[in-house]
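The form predicted on its own is given below as one chain in structure tokens.
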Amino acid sequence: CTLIISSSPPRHPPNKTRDTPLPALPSMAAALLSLLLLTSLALILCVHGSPPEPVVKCKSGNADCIVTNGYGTFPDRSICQVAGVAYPMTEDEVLAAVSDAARKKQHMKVVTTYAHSIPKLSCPGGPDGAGLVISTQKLNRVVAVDRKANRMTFESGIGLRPLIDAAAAEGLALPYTPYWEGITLGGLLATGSHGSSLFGKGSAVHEYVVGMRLVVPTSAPDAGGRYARMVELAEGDADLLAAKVSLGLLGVVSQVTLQLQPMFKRSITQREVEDAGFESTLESFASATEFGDVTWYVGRRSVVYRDDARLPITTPGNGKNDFSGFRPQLSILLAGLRTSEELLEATDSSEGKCVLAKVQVTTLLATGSGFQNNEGHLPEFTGYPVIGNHSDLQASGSCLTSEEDGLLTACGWDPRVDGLFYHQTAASISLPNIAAFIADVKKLRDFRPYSLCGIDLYSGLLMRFVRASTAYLGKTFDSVDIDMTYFRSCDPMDPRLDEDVLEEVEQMALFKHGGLPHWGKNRHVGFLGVREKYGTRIEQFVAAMKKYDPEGLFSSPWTDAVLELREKSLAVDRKGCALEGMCICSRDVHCAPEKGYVCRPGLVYKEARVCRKVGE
């Protein structure tokens, strides 16, 4: 995908969106047939792959750098330039880096190894190109193990997979985690990341934090001349409620202590049923299966329940999870898939997406979605249940750790290959509201039966369960977190097929049904009205910000806009701003009237404003 980035030259000439022209219309049937074959191969093949490239690239040593995320672009497609990057290996080195920046009144941000957050969480404030990023890449060790209390302390830059493995080596388990292991402990806590469960304290990792150490800036030097200090927070400290989910706004988290559990096994079975009436089953399902989730294939009119229960460690079974979407993929297959989806977009073929999604989902489910229970033999999956250690089932991401192969293969979204390029909308809707949301989406589907197959192409609409949290920026109610991924145009001024329907689903989730945004996902519009949704919690969080970073050196224009601080706002009013979720349209010019897309009310949620193609 040739990305067009604002405030910088495009990677390729601006009058092209790909180096290879799309096929002519008469080749549609052949293209679809090829695409079906490519999809099946991409889901079945298990190959080694090139690991991701660094997200910080500098022109001279660790100076004059550009910072991005794991997808190669931020929601507004801007370039984040910084004066330099620091790679501390110890707390003392973190103190030195923060102190030096604070002494100069230099704005700072923490950046993680893979930086898989979509929003601009890792781009400093202050003058363009003058900030500092502090990487936690080398803060990746186990600090202490308290086997008696089942607690472990880790440096914040440790990846989720090394953390899981280190705990397992001690016979311990972090009970709930995100499914994608390409994130760090500090990063997943900063964004409130979670798994799926309403059991106990719930599935958010921050609920299991019992201690943290942070390095924060100071306005005046201490006795040793440092403009930074160490803060240690423990259970019972009110400020821990701010630090556990902080968006990186309090300082640099250096160490985290987690309350773990003795290792156990899990039994997983996936079952697909028609989606008629499933919305009335969600609460009872969540109460019956500890780790269960639900995937709704909206266009396919089916749901997949994942029955996922805890078992004693003595239960036989060595099952593993290597989710198909997180495996390395052949770059040529990724390019073929992207080209073919662009063809469907260019020819307004919603029905073509439904055909493709049917084959893709059928293949995915038939092959166990990446679950393995055949002791390393072929076929990898022999049927349900899949039983194995919790540590082998809770997260995956084999495309991250493979040996370099010159980009013959890569993670599907690696920006160096013409592969997946997408938007994500993730919102937590309260349990009492989720049935009404699902009913609204079904009504929308009735208006446009083929319009939501594009979600099915990106693993459907995933529903995970999350408990209410006492963390100020955690969930304010027991909720169902809905997560949908969908096609993003290479050119930000190109409208998308069925864009209006997807925008209406997004606005229904976030506004009509009061969804809270996932801090590490979402387009710009996902964060509109956040301060009102969180109420006094925002005030409590901002009080902690002022306490630990009174000069706002870890703040940025984006976080200030989200929290409505320093007279910043998320409001955007420019040509085409609604096409990529930078605004909700209020005028036709916010869409693409020259291409037939104008601003119109929603079909079901009349208060929604969406970019609809004339005649649809």
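Nothing here was measured: the structure is a model prediction, and the numbers come from that model. Residue positions are given as counts along the sequence shown, with the first one as 1.
What comes next is about the form predicted in complex with a small molecule, which does not appear here.
A heavy atom within 4.5 Å of the small molecule in the model of the complex is found for exactly one of 167, 121, 473, 356: 121. This chain is displayed alone, yet in the model of the complex one of 319, 186, 352, 292 has a heavy atom within 4.5 Å of the small molecule; that residue is 186.
Although the partner is absent here, residue 112 is a contact residue: one of its heavy atoms lies within 4.5 angstroms of the small molecule in the model of the complex.
In the model of the complex, the small molecule lies within 4.5 Å of some heavy atom of residue 252. Contact check for residue 71: a heavy atom falls within 4.5 Å of the small molecule in the model of the complex.
Residue 247 belongs to the set of residues with a heavy atom inside 4.5 Å of the small molecule in the model of the complex. Heavy atoms within 4.5 Å of the small molecule in the model of the complex are found in one stretch of 533-541, 402-410, 300-308, 173-181, which is 173-181.
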